[in-house]
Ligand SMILES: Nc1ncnc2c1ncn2[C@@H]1O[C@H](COP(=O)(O)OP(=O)(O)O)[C@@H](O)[C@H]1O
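Quick heads-up: it's one chain on its own, the form predicted on its own, in structure tokens.
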């Protein structure tokens, strides 16, 4: 069971005081790796017995980690952080209920949910602690060495949400960004499957043309580069159109490594289409089209 599933299942057991204590721990984690019981009591401004009772409840529900050494301290785990984000999204009337898992990956979990009007949307929980720290920091330049996994995931969600907003506003085919809180993003529904899973995608030239047209819009209009583009974050929707997902590594076109990152994105896509569908297009032709040097693709 993932931490989000844990959070959804036990969420109804939490009361206002439970959320208050979780919030106090979250805030104090900026200073403490494990927040001392005395500090939690100080900020809670309720009797110590009630603080202790609540902390024991949260610990039994697997929403916190507890340490006992020189002092007794508490820190949030992902399930506790999930509960805080879910509570905020509920209060903001972004979601009303959760559905099934849409996908569980190395760095994120995605679930479907309903908004107040009954429309299905997607909820993405960032989970950066699943891969090694070195790999995370190498791939994501905005990660600082002293950051906790929760804070890193918060940064990733913020960065992805801003990239999604920018891309969506400029007509790029991405999930509609709806809201972001902590490490969680609410977005339009993601329907279809990863491009990598399909043996037949219809007119391969047309699909590649549409994809590169979106990369071009991203580059010229949104002035962004996805920077992690591959067949695994390209969704072939039921109507045959492409949806580009997973934007936490996006960079602006004035990034010092912009050319290298754009070429890497294009190589990944072109190699896939060549390998799986025997559709050949040179990197030079794709690059010239995406950057606006050429008006058409030789397809």
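Here the structure is a predicted model, which means the values were calculated and not measured. Positions refer to the first chain, counted from 1.
If you look for the form predicted together with the ligand, you will not find it shown, but the lines that follow are about it.
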Within 4.5 Å of the ligand in the predicted bound form by heavy atoms, the stretch out of 108-116, 148-156, 77-85, 207-215 is 108-116
With the partner omitted here, the residue among 90, 201, 189, 178 that in the predicted bound form has a heavy atom within 4.5 Å of the ligand is 189
Checking 172, 95, 224, 122 against the ligand in the predicted bound form, the residue with a non-hydrogen atom inside 4.5 angstroms turns out to be 122
### Query
Would residue 129 count as touching the ligand in the predicted bound form under a 4.5 Å heavy atom rule?
no
Mark residue 245 yes when one of its heavy atoms lies within 4.5 Å of a heavy atom of the ligand in the predicted bound form, and no otherwise.
-> yes
With a 4.5 Å heavy atom cut-off, would you call residue 268 a contact of the ligand in the predicted bound form?
no
Contact with the ligand in the predicted bound form for residue 233, defined as at least one heavy atom pair within 4.5 Å: yes or no? yes
